[in-house]
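So this first bit is one chain, no partners, the form predicted alone, shown in structure tokens.
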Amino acid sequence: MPKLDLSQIATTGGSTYPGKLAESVEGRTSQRLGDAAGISQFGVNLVHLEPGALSSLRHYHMEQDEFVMVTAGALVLVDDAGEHEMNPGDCAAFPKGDANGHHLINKSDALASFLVIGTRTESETAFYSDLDMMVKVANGAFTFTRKDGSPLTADQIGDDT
């Protein structure tokens, strides 16, 4: 495929997180570069974080490898070892099954972006390091539960209803 024209690839926001947890990633948008290129074996996304935005809740994957590279601005990687400054060209890798919960935060006052590349699998299980929550993904559906598989409660997802 020829060179991708980023201006022609839709930028989307939103989250699959339940209840008010979805608010935790406001200010995050992404462009699905791999999909635009017709790539099917792995995902490639360019993620943009507004000042103060999180890439996700801290998590780790059981079936999918994940690789990130900062492309613009300054970000902070938060993982089990602490906080790590990330600047353009800096990379981090998270092999499947490694229980090192991670996410990126834009603590600067300017837009920052990073490339994320990950395995595409038919199913996935991920755990959230700072919450009693896991997600199972199958056939494009996301099912969030407690880590033991029991239902989430309204107070766990910040839902007042």
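Don't overthink the numbering: it's just position in the shown sequence, from 1. Note that the structure is predicted; figures quoted are calculated from it, not measured.
Another form, the form predicted together with a further copy of the same chain, is not on view; read the next lines as being about it.
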### Query
Among 29 to 37, 103 to 111, 48 to 56, 129 to 137, which stretch has residues with heavy atoms no more than 4.5 Å from a further copy of the same chain in the predicted complex?
29 to 37
### Query
Is Ala93 close enough to a further copy of the same chain in the predicted complex to count, meaning some heavy atom within 4.5 Å?
yes
### Non-hydrogen atom contact Thr125 with a further copy of the same chain in the predicted complex at 4.5 angstroms
no
### Message
Can you tell me if Leu4 lies within 4.5 angstroms of a further copy of the same chain in the predicted complex, counting non-hydrogen atoms only?
### Response
yes
### Query
What residues of 63 to 89, in sequence order, lie within 4.5 Å of a further copy of the same chain in the predicted complex by heavy atom?
Glu63, Gln64, Asp65, Glu66, Phe67, Met69, Thr71, Leu77, Asp79, His84, Glu85, Met86, Gly89
